[in-house]
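Taken one at a time, structure 1 and structure 2 that follow are two forms of one protein chain, written as structure tokens.
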Structure 1
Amino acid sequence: MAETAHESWHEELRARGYRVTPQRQLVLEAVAELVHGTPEEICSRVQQTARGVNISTVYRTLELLEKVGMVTHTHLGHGAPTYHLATEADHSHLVCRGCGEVTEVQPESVASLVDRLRADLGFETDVRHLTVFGRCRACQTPG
């Protein structure tokens, strides 16, 4: 992870009145490395460096980091939410029910849906939390 990212995280936390603790740093690093990580996956990654960090600490840290706008979550299935850095959250997700592949799509890919919901219903859509389930091209192809 680039030193500038660490410095930016430190500045953001301090600007919001929070200390930069080793646990917060490790959770942010794990979220960045995993891209879409569940709390359990994040905890596992953190424990590679700090074995004493437990899952409740990870949950509390993720809650704080989301509150201050540094991470965000989405639901890619029926299980636990997945977290990613808020700076990299401007996308929607396509989840294949066949193979489980998760594909990120840019906001332009769902722009017509967003525009239609705004025009028809006056509904402002947060596409960062949009997950569309279906079948990828490979799973549609008869084998």
Structure 2
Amino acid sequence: MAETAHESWHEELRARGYRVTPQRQLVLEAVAELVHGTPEEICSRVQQTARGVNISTVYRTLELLEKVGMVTHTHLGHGAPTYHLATEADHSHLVCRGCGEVTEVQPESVASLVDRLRADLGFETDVRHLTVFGRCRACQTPG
């Protein structure tokens, strides 16, 4: 985790006229490590390394990183959204109302929906943002 790799995203930001700052690096690392982190959680994570970082900076940074296509978000429940690295493989989410469990499903599971909406309506689905609520097998109300 948090390897320097090539830091090619530095150029990505610079090319768009944005600056590379320690806060932005830390937020991006936290998004990667938490996998499904809320802004609050990301902020806490970042503050383990750099205490001074403010929650409003986290919000502004997430907005920026999403704008340049480095992260995405979805809504897994009632409250705060959760953030992903955009480089993670595409997937959608299932959320069980019974036990609260969150399951990642591969694009093939939702491909029929995506195809149908594209064919019928010309609608291009954002599968990364797609969250399906319902009840998992274990939580079916019997009878």
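Just so it is clear, the structure is predicted and the values come from calculations on it, not from any experiment. Here the rigid core means the biggest group of C-alpha atoms that line up within 1.5 Å when the two forms are laid on top of each other. Residues are numbered by position in structure 1's sequence, first residue being 1.
K.L.:
Of structures 1 and 2, which one represents the form predicted together with the DNA?
P.N.:
Here the form predicted together with the DNA corresponds to structure 2.
K.L.:
So with the core overlaid, does the Cα of Thr131 end up 2 Å or more away between structure 1 and structure 2?
P.N.:
After core superposition, the displacement of the Thr131 C-alpha between structure 1 and structure 2 stays below 2 Å, so no.
K.L.:
Report, to one decimal in Å, how far the Cα of Arg19 moves between structure 1 and structure 2 once the rigid core is superposed.
P.N.:
Displacement of the C-alpha, rigid core superposed: 3.8 Å.
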